[in-house]
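Only one chain is given next, in structure tokens, and it is the form predicted alone.
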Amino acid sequence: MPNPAAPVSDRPAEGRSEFQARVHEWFTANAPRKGSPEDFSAVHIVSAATAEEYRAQEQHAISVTRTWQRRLFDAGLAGRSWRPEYGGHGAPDWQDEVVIEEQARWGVSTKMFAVGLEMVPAVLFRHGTHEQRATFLPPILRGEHSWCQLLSEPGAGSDLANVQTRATPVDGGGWSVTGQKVWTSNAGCSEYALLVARTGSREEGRAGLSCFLLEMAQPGVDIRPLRQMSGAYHFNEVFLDDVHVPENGLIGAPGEGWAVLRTMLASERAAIGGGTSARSATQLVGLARTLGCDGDPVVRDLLAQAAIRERTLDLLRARIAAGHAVAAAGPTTKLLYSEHARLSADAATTILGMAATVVDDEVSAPWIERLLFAPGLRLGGGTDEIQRNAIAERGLGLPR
């Protein structure tokens, strides 16, 4: 009899249904159920009273995520379609989708590694060199390196063409980077960053931007946490003072940063749209049952709405994964997800009633954190307004 906890080994002629069955069997044996005491699907949503306490909780979240990602890798479930020299198995693309879909059903999360797992590969597979892929991708799959993005600046939020952080060539090769970034998620717990900096003149706009791979733990990198209304320190300011980037840290050629950035943002929107809170209907049902109000007509209506939104997202993502033409797929998915997260957190406060005002209540605390975290989802990867513009222009063909 096969051991369900054993690695999912490669079977070249294996069909989708057989592979799905084996992946499901492995998750059944190894992953906690949603709503169980071991559920860590929201481990990436962290809040604390002080920056020091937040950093400790953030490091705990990184540790939990790293352990899970390593288990996926050892089981042969990480990077199924990647070439072996990049840590993968050279399997068909659909096997990655099977793993992603199955993982979304369980109480697990890899969102602390979202930049590394979902954005860095998209960038390097499209714009990077073989050396960059072979160097940076295998440690990401093994859960060894966490990544962040150094994009927004005080004067360049949604308008990233206005980035002023400058990368200057240095004698002997490489670049010196000086400038300021803001709203950087997970900067304090990341080993590496995707950095957008200006290598051309300010007048060149987009044409003067370049993208780099930056090591965070080096002289000249100063990370300062920013306190949010939720009590979290999820975002950071990052000051760069004569920070070194080696010659092979440039992605593509100088001046090609805007093309790299577009790939990065498209993958970010898709990653946000596939967030673990997209399975929140299951957890809302569990909350209602815990409180004994799952028979209340108002509560049942809220649960039905959440289930419908969730199913709509699932079907949209399945169409995209199957290769069907979906106009403005990234912006649409991201917009639907941010709305779902907001409405689901709001539904939870209705179900909780006055308990939603008690921040140290064991049942309500996770939902209060989600409620306060949800507005940030409407900003990350481009605001809701930017997504709607993209849908109107690229999806519906409306004029600018």
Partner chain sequence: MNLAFSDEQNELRRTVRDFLEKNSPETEVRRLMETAEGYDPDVWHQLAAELGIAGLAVPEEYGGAGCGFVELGIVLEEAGRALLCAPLLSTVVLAASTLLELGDEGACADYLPGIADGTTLATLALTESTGRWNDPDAVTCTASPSGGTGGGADTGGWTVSGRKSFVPDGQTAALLLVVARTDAGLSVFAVAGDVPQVRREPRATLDQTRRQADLTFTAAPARLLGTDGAAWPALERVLDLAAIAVAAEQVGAASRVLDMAVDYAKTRVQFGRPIGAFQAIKHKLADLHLAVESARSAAYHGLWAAAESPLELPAAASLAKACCGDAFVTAATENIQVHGGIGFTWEHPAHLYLKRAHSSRQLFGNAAHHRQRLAQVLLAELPETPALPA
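Not measured: the values here are computed from a predicted model. Think of the rigid core as the biggest set of C-alphas that the two forms share within 1.5 Å after superposition. Numbering follows the first chain given and starts at 1.
FYI, the form predicted in complex with the partner chain isn't displayed, but the following is about it.
In short, of 122-130, 211-219, 289-297, 72-80 it is 289-297 that has heavy atoms within 4.5 Å of the partner chain in the predicted complex. Taken together, the three residues I223, H234 and L265 all stay farther than 4.5 Å from the partner chain in the predicted complex, as judged by their closest heavy atom.
Out of the listed residues A31, L371, L335, I351, L335 is the one that sits within 4.5 Å of the partner chain in the predicted complex by at least one heavy atom. A residue is said to contact a partner when one of its heavy atoms sits within 4.5 Å of a partner heavy atom; L303 meets this definition for the partner chain in the predicted complex.
Not displayed here, the partner chain is kept clear of A253 by more than 4.5 Å at the level of heavy atoms in the predicted complex. The partner chain is not drawn, but in the predicted complex it has a heavy atom within 4.5 Å of T312.
In the predicted complex, at least one heavy atom of V285 sits within 4.5 Å of the partner chain.
Taking the partner chain as positioned in the predicted complex, the residues of 341-368 that bring a heavy atom within 4.5 Å of it are, in sequence order, P366, W367. If you fit the rigid core between this form and the one not shown, you'll see the Cα of D242 move by less than 2 angstroms.
Shown in the overlay between this form and the one not shown, fitted on the rigid core, is a CA shift at V123 smaller than 2 Å. Superposition of the core reveals a Cα shift of less than 2 Å for R262 between this form and the one not shown.
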